[in-house]
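Below you'll find only one chain, the form predicted on its own, shown as structure tokens.
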Amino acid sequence: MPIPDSFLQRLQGVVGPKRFSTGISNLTLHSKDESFHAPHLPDAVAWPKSTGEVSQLVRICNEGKIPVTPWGAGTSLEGNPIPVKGGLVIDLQQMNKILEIREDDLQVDVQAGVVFKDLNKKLKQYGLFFPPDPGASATIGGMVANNASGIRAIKYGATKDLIQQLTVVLADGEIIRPGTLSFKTSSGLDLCRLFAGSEGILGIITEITLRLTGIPPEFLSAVVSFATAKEASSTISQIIRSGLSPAALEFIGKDAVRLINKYTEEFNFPEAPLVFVEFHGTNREGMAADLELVREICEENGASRFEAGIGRQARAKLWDARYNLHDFILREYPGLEPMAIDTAVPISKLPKIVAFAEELCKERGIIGYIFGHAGSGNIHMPMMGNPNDKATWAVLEEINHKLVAFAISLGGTATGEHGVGIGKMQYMELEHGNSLKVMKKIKKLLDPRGILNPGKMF
């Protein structure tokens, strides 16, 4: 049901005509993220600049039972910000101020629309950084709402692990500020972790206080090639069990390696499964000893090539190539859409999930580009197809379903970092069982009229 004109006028009155739109171009831009899920047009888009304006917008929408969908940068891969029920999209990108940097406390206060890459550029002059790195140009608010993690989660944790305090607008417009600036607390329920990963269904996050980390002065990296994905994935679990603490431990399957070679001039890796390991620290000699132990583990598992001591420039280019894998895959299949698989399993089960994924693709004649943050058991496997080609798309859906179900059977999860959104709703009961009933009760308590990002997660 479209937003009544009387409510449109009231909503526009909050932010003014220049920051409010019902024009088709703006509606279209906010109808779809980077996933394959079908677009849905909202009725209107608002660009607030303060928590107070968000509160007013949400209060009006709650009164009129108008759906509200928060929007960050639109880089989600599971349809998380698609306004499936129409209504109002609240685009937070103009709430992009870094409010305060407290370097002595290793903390920063930001508005939700700050892009994490911009934040880290600013923090660099203080010798600090915010470790989670999803690769895309995501906003901090989107990262919190999705509990983004990325390549360095194995050492520094996911976004939820680095939240000190939040400012959240609830469904009735009330503003709350859960959390504390203290490094530790045992006071009350941990509401910050409740809102982290909630994808906007419980409240709209407008400001965040983050815990930061000092930029490590030294790093050591190595690239290791293996004959098979089984050897590579088995090696990763052994490295973790050895007691080493790498900052990053990435797996890249042979088809993904081929694309890196094709679309970058700097690299010509053997077209074989590859592991990239990196250590951060202050003592180069100590890290070199750790890397030597990694070499021994890799060679015991049949590594065909071990290249250590990568320079700063080559390291940066390799990370760029890893970050750009998603774009390389899209360039390889112009006009097609990606079905992105994002499962995570216990580290010991990593060889099983990788082997199962390879076998599924082989059986059905599909190329699945396997890669991921293997040090935390998180595997991605984009597959390309045309959603209008029903037969081929059904095969991709079958592979997706079998792989996700297998991951859950191993004690894993349907989504390691992309979130539930639209695509993973069907697995929530399988993964959570009776706990899902509690989640729904919390949703009902905080959003009794069901206006916040409806049609997601449940």
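The shown structure was predicted, so the numbers you read here are calculated from the model rather than taken from an experiment. One rule holds for the numbers: they count along the sequence shown, beginning at 1.
Another form exists, predicted together with another copy of the chain; not displayed. Remarks below refer to it.
Asker: What stretch, of 255-263, 373-381, 354-362, 307-315, brings heavy atoms to within 4.5 Å of another copy of the chain in the predicted bound form?
Answerer: Contact criterion met by 373-381 only.
Asker: Do L445 and another copy of the chain come within 4.5 Å of each other in the predicted bound form, heavy atoms counted?
Answerer: Because a heavy atom of L445 falls inside 4.5 Å of another copy of the chain in the predicted bound form, the answer is yes.
Asker: Please tell me whether any heavy atom belonging to R331 falls inside 4.5 Å of a heavy atom of another copy of the chain, as the geometry stands in the predicted bound form.
Answerer: No, R331 sits far enough from another copy of the chain in the predicted bound form that none of its heavy atoms falls within 4.5 Å.
Asker: Is V115 one of the residues lying within 4.5 Å of another copy of the chain in the predicted bound form, judged by heavy atom distances?
Answerer: No, no contact at 4.5 Å.
Asker: Flag M457 as yes or no: does it have a non-hydrogen atom within 4.5 angstroms of any non-hydrogen atom of another copy of the chain in the predicted bound form?
Answerer: Close contact exists here: in the predicted bound form, M457 approaches another copy of the chain to within 4.5 Å, heavy atoms only.
Asker: Identify which of D327, E292, E174, E300 has a heavy atom within 4.5 Å of another copy of the chain in the predicted bound form; exactly one of them does.
Answerer: It is E174 that has a heavy atom within 4.5 Å of the partner.
Asker: Answer with one of P246, G87, G150, G368: the residue that has a non-hydrogen atom within 4.5 Å of another copy of the chain in the predicted bound form.
Answerer: Answer to the contact question: G150.
Asker: Thinking of P178, S435 and V438 as one candidate spot, does another copy of the chain come within 4.5 Å of a heavy atom in every one of them in the predicted bound form?
Answerer: Every residue of the candidate spot has a heavy atom within 4.5 Å of another copy of the chain in the predicted bound form.
Asker: Using a 4.5 Å cut-off on any heavy atom, which residues of 275-313 would contact another copy of the chain in the predicted bound form?
Answerer: If the 4.5 Å heavy-atom criterion is applied to another copy of the chain in the predicted bound form, 275-313 yields T282, N283, E285, G286, A289, D290.
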